[in-house]
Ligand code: NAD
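Quick setup: one chain, the form predicted on its own, written in structure tokens, and binding and motion questions come after.
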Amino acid sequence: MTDQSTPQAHRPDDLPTAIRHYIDGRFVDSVDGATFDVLDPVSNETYLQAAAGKQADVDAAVASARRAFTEGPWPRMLPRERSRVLHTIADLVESRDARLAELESFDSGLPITQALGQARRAAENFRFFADLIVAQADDTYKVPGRQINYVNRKPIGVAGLITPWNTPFMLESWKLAPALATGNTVVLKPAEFTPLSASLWAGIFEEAGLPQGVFNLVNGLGEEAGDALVKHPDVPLISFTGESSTGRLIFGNAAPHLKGLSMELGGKSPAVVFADADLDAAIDATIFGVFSLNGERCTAGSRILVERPVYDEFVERYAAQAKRVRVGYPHEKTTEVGALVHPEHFEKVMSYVELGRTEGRLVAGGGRPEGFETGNFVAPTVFADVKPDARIFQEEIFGPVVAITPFDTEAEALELANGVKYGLAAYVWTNDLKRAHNFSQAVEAGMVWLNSNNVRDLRTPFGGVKASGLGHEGGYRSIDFYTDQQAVHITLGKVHNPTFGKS
């Protein structure tokens, strides 16, 4: 359903008209003065100009970060000292969550209530890693009277962080928090579609007491600023979240420098519903799993596989509920699906909707919602009877579009679940405990939720297999990625050396 109670979109007060880079503690323009337009998703009108970074701007940012790493206090501070700064950052983010959510909703098209949740999650990311670095203990191996071996962790250097446009502020925090907690310095390249919230980090970090040069921000296009960051010889680490095709380019460009890479890429995650499942819970969860965050989420359960005995009932109830999902302006508290982030992405999603009409049976949505003739609004769209070789089954759409497919046996369900190039998440709905565990262990996915929605403990690893990524972050896996692990060996007793060349 649509929400037409508001005749026009909301424009936040005190919007900036320009966004600049932040390098070595100062806001600066691009060296060549270049800028790019930033649009708001409801009107698709330009509301500000952002500095367009290129090689020279990235060079300056990396030099600043490198200086702060080699000469500054941050990498040499005790974990407790860095932890205090990170806790202050979390406090500041929490205190400004309403403003952050307002700007994020305006810039990205996310419903305001969901943007508020993401802002609070960003604070929790900083608080989590602030605690983790203080509590962390590394392994010690002892041979009594002969030897002690222990692991020493050291920050690596300048971390290049390249972030996406879906939930941008939260996903920036997801990389910034562990990179900073472990003593690295950073250069952040946010997505060009949504640079607004990223520009707020500088003020937050300054107020929290982060030393000058530790955080640097370069806006710009991926093929210019992002490419320069990936190829820079003084950036030993790249953490990237985005499309699989971009991930392949980054992999190739980073290879000559043997950089550390962590890449969270695309997904086409299955939600498998067996006949014995709690259908009420499964329908609620799978509706939320693909239509929350406007469907622009990497872990969206955008392929729903349903066992034949309950297939017709599931499709009927799912379609009816999808039609009741409230499409509205992002700032309205009743909105459940807002506006897609950018007209380019809107056109991509709409092209898949049109393709779906030839690949499945349209049972809900299928175009613009009524009352929204402009802006990037897409009605929650459901296709049933989708064949496994269909493009809408195989390819990531990244919008409020879902494909439903029947299966007859557990083996067929597993084949369908694993039958795409991606392997990020999977959702399994069944009351058979043995089946739940065996199926989850056989499915090709980095993360599995059993009879559960996408709720993740920050201590657990996040990442995928196949085309969905390389490496894992989250909890200690983030500490592993952002530090070098040095093994130190100490002899306690008489040295037992083989003797070569003894006369």
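Note that the structure is predicted; figures quoted are calculated from it, not measured. Heads up: residue numbers just count along the shown sequence, starting at 1.
Here the subject shifts to the form predicted together with this ligand, a form of this protein not shown in this document.
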| item | value |
| --- | --- |
| Any non-hydrogen atom of Glu264 within 4.5 angstroms of this ligand in the predicted complex | yes |
| 4.5 Å heavy atom contact, Ala191 to this ligand in the predicted complex | yes |
| is_contact(Val272, this ligand) in the predicted complex, heavy atom dist at most 4.5 Å | no |
| Contact flag, Glu102 vs this ligand in the predicted complex, heavy atom cut 4.5 Å | no |
| This ligand in the predicted complex: contacting segment from 202-210, 156-164, 322-330, 377-385, heavy atom within 4.5 Å | 156-164 |
| Interface residue in the predicted complex among Ala181, Leu171, Ala403, Ala426, criterion: non-hydrogen atom within 4.5 angstroms of this ligand | Leu171 |
| The single option of Pro369, Gly72, Pro236, Gly222 touching this ligand in the predicted complex, heavy atom within 4.5 Å | Gly222 |
| Whether Val230, Thr241 and Glu396 all lie within 4.5 angstroms of this ligand in the predicted complex by heavy atom | yes |
| Within 246-262, the residues that have a heavy atom no more than 4.5 Å from this ligand in the predicted complex | Thr246, Leu249, Ile250 |
